[in-house]
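The same protein chain appears twice below, in two forms, each given on its own as structure tokens and labelled structure 1 and structure 2.
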Structure 1
Amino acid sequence: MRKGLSCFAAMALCVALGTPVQAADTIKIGVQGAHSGDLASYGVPSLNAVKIVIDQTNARGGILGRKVEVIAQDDQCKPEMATNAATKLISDQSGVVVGPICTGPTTASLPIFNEAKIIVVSPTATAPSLTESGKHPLFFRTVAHDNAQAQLTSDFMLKKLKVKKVAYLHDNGEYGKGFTDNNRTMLEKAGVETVLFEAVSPDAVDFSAVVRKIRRLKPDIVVFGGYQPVASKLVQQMRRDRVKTPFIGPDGVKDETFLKMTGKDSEGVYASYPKDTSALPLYKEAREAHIKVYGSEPGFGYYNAYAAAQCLLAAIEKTGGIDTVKLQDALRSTMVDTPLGKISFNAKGDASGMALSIYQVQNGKFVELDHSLTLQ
């Protein structure tokens, strides 16, 4: 299975020689992510999700007559720790991996997993290039990549809002600028005029110049790329200067803090976000399992990791073992029932079947509108 790689083979041999026989009988799922440090809140829920799925599987007697085991490796969302974590997961004989959580570590670890021919399913890494570049054939993810959001928002603006002139503002970060760039490309293709495209300095003491500019240019909508703190400041300053232009942003804007920060100024703001699946029975089951085991509501990426573990186990069960090529095919061809809906993966590795929706602030709450995009 890992024959192309003498050093890993040697390592695997050492581990195999030194380990009791029954250990080889378990199926090992590696989990890589931030399990400690500043960003632990992004990674721990995923680890919890995999543990819960595996406990449930083992309680049913495991799969293929074998028990499943978790091997966790902490990368703290730091690329420099990620390569080490990945190497350790391989030497501990993980058959498949759920993770990494952040984009940086994912980019750093993928070549290592790729060389060892290990399938990786990230629950949260959203950088488009991970799947779009075609460099990582063994990489899959159970989260929409960033371009999907722009697809949805540009479609919404064209069809529902029928915009003609658009102003784009972003925070100069990869995530924010990517979102506005993609919207611009798609809207310009449809003949929408760009009246303004520029960055705002996130820490500036005042946004009035750019707000005045928007007021003068009178766009039909402001497309903002970035996170909620800058969005709150911009929206408030716009409304205070009596600029009533609609405002749309990516999922970084759909946050309770945004509502708290802006109060009534946020009324009418649009944002894209994964479709609300909380009515699905599996979603409820996953949530209750977390509350039962950990005594709290699940955190960031929990349901995505839950889905990732389910898809991997389903594929292993279907193919009867851990054979990378067969698993790849199985992941692409099997529809799996998850808390996020019925999903499988496309040729690039992105989950198909998941959906994103447009939300709008109405009476101080984000309300899901009837406009969504199902990933193919």
Structure 2
Amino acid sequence: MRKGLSCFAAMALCVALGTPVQAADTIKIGVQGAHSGDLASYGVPSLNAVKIVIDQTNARGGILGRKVEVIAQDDQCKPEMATNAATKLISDQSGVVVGPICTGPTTASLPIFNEAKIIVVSPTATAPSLTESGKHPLFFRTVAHDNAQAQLTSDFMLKKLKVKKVAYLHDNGEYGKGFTDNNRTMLEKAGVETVLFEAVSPDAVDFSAVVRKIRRLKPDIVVFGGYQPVASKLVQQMRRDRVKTPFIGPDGVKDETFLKMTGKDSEGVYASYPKDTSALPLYKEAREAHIKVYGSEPGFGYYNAYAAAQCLLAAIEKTGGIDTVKLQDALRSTMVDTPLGKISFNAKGDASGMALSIYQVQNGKFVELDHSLTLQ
């Protein structure tokens, strides 16, 4: 009885001090994201990636002589569910976390992870404030933030498309509005006219009113900020109403589900996304592993999450455990070979070394164009 009380007291003390409780027999890696719901096509590929990396690691004997275990929590990319998911990951003794996937849930979860002193590496949360505010020193990401995406897309629109008038539509979320805000700032500074800046409801089924505005205002391009479900409906409505205005969005648009939803209506759509690294041996290995295990091509964010898991495991192995300060230093100082290329993290927590490109839908597939940006 005394022994049980002593263990309980020790665990309580660890929680009170904000130190992750780690089981002696396994290293637990939490994975938080949309594993169900409308945005599961974003979250499930990341969960699959972590499972594959960990299965491969365990097949080689684990890390530091210990097996690695996945602890998954579904937040459906909803901030109101994210805090519970984060709390559950902590109570389940996750030592580090891959995720969350979406910006809103990440913003909601980080104070909880910060208090518990848990390192978080997101594969797809892109809001600049997550790293630039200085409020989240334990946060890292293997994806470009919205400022970088906007820099790439605005440069492409100016130099390649020669746009003069732009209509901006966003889903009023932090991710979508941030992307359009940044593009607008950069383009207006270059003398480009804003003819429309408007939020649309993600739950809407009829976008005919805003499509009529686009037809009347005749912009050179529509810049959209948000995720593929809304982008799909917007593009379909535009093409159905014979509005052929070019359409460009962030990485949330470059998703196989977008192509399936829009069909031929997606032809010509542009999106920013990590540069194609499919010629790299590690990319091929990661792709083949997913096909072997799940019988399909990887989805959105898969390679980013694969890289996140690799970076965390490399840091754990290098430091000999899950010490927050040591892991921070290792993540920033260690260059890791990943499917995205060799990456490490800068002082803010952003990935450096990877690159972004512009893609366009051509004959039903996203094709990389000759316009890119390397992250510093």
Partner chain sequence: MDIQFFIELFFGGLTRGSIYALIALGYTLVYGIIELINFAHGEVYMLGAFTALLVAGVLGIYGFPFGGILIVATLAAIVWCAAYGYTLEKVAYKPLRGAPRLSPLISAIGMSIFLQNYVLLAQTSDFVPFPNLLPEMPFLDSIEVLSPSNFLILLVSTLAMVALTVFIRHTRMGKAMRATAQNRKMALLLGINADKIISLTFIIGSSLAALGGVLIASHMQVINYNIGFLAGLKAFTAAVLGGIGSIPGAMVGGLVLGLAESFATGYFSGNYEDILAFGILILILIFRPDGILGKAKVQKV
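Every value quoted in this text rests on a predicted model; they were computed, and no experiment measured them. In this text, rigid core is short for the largest set of C-alphas that superpose within 1.5 Å between two forms. Residue numbering: structure 1 sequence, from 1.
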{"item": "Of structures 1 and 2, the one that is the form predicted alone", "value": "2"}
{"item": "Residue 197 C-alpha shift between structures 1 and 2 of 2 Å or more, rigid core reference", "value": "yes"}
{"item": "Core-superposed C-alpha of residue 97 shifting 2 Å or more between structures 1 and 2", "value": "no"}
{"item": "Rigid-core frame, C-alpha of residue 174, shift of 2 angstroms or more between structures 1 and 2", "value": "yes"}
{"item": "After superposing on the core, C-alpha shift for residue 161 between structures 1 and 2 in angstrom", "value": "9.2"}
